[in-house]
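Below, in C-alpha cells: the form predicted alone, a single chain.
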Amino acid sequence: MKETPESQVKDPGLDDAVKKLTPEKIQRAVQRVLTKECAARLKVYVDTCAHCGLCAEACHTYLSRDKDPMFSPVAKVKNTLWELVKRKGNVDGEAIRHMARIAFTECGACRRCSMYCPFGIDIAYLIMVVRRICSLLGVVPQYLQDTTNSHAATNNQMWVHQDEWIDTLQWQEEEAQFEIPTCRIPLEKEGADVMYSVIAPEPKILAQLLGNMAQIFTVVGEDWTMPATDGWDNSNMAMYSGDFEIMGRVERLHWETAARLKVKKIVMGECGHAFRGAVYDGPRWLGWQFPPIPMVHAIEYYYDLLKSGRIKVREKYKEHVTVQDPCNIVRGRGLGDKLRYVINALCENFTDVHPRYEHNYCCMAGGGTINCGPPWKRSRMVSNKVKAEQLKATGADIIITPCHNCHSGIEDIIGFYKLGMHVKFISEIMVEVMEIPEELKA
C-alpha cells in the first residue's frame, strides 16, 4: 500500500472510529450493503469494468498529481470496493480507514470520469457505496460527520435554530427595503406559485443572498413564499457522508413542507448538490419515482426571467468574468447553455473556460470533500492544480459560481494558488445590473 502525505493526516472521525471496529462488525456492514442495498446495479458495474484505466485522464485529482496512477478513478475503486468484494468484507480496521480516506477525500463524486468510461460505468456510484459502508461503521471524517449530526438535530446543515432562521429573514427583508421599499419575504403563504428553497450557509454566513432574491422576486412580481418552520434547508450533506437514512429525513421534510404550503413549484437557489439531493438521490432513496412538486434550479429560473423580459438589464456588468460549471447542474442536469445565456445577458466581458460544459473540471469542493474540513484542505488544494490553471488561463477577474460548494471551493483555490481573482453568485450581479421600475424604487 503506497504511502502518501495524506496517509499521515490525523482525523478523529477516522482514527478513533477504526479502533472500535471488529471483524464481525465490518463484515456485517459490507454484506448488508453489497447484498441488500446494491445488488444488481453493483454487480453489473463490477462485472463490466475491464480495468482499462481510460477514466484516468478525466480525473482532476489524477491530472493535478502528476498523473500518479494511485489517484486514477480505477485505482480508487480497486483499492476500496474491489477489495471489499474480493475479500467478502474480511478486512481489518486499518484497511477501512485507508478506504474511507480515498472515498471521502480523494474523490468528489463529480462523475466526470464516467463520461470517459467506454462502458458508461458510474464510478462515483461505486465510491458512494464505499462511503455508505464507512458510514454504517461510523468511519467518517469528523467535520463531515458533524454536518450530518446537524441535519439530524436541527434539520439543517449549520445548526440554525428556527428563531434564528426567522430573524435572519426579517433582517434581510429590511435590508432589501433600502433598495425597494415594498420588498417583502412572505412567510407561510399558502397556495403561492413559488416556494424559494435555500441551503443553510445562506442564513448562517451569506444572508445577503436572501435579500438579493427578495429584490428579484419583487421586481418580477412573483407570488412566492418561504417556510417559517424546519424544512427550508435542502443542503443535505448526509447524502455524501453515506447516512442515507438522515438524507431521506431531510428530503422528506423539505417536500412535505412544500406540499403543506400548497405551492405550485420550488425554485432552488444557487447550489448544485442540494438540487441533486432534492431531485435525484433523495427521492430514489425514499422510493419515489419523481419528486411530488416540480423544482427548477436558480439558473433555469433566471434564464426564464431574462428570456421573457421579466428582468430587464439596465447596464451590463463591466468586470471581466468567467464561469464554473457546477457538476450536479451542468454535467448532471444539462444547464450549461442556459447558464451561459444568463451570463451573456448580464455581463459585458465574458471569457469561457476550457474545457467547458459537462467536460469542465470539478472544483473538488462538492461531493462532501470541502465538508471534510481543515485537516484535508491541503490535500484538496493539491488535487485542484488543473482547476487553478484552467481559471488563470481565462485572464478573468471574476469567477461566476452558481453553487455554494463551488463558491467556497474556488475561493480556496484562489487563495492557495494566489490567482488574484474574486468569486460571485449570479444573484449578486443581477441585483447590480437589473432595471428597477420607477414605482418600486426607494
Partner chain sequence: MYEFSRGPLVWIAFSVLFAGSIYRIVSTIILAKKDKVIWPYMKWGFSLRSLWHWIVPFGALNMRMRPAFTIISFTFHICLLLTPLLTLGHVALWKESWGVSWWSLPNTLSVMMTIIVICTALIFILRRIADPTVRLISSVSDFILVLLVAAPFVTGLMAHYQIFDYDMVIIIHMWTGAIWLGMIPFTRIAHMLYFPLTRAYMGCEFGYVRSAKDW
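Numbering follows the first chain given and starts at 1. All figures in this text were calculated on a predicted structure; none of them were measured in a lab.
Keep in mind that the form predicted in complex with the partner chain is not shown, yet the notes after this line are about it.
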| item | value |
| --- | --- |
| Heavy atom within 4.5 Å of the partner chain in the predicted bound form - residue from M381, I398, A56, V386 | A56 |
| Option touching the partner chain, based on a heavy atom within 4.5 Å in the predicted bound form, out of V220, C117, L306, I180 | C117 |
| Heavy atom of each of D47, Y125 and Y280 within 4.5 Å of the partner chain in the predicted bound form | yes |
| A39 within 4.5 Å of the partner chain in the predicted bound form, heavy atoms | yes |
| 4.5 angstroms heavy atom contact with the partner chain in the predicted bound form for M70 | yes |
| Exercise: E358 in contact with the partner chain in the predicted bound form, heavy atom 4.5 Å | yes |
| Exercise: K189 in contact with the partner chain in the predicted bound form, heavy atom 4.5 Å | no |
| Per-stretch contact check against the partner chain in the predicted bound form, the hit in 206 to 214, 70 to 78, 318 to 326, 191 to 199 (non-hydrogen atom, 4.5 angstroms) | 70 to 78 |
| The partner chain in the predicted bound form - contacting residues of 282 to 311, heavy atom within 4.5 Å | R284, W288, Q289, F290 |
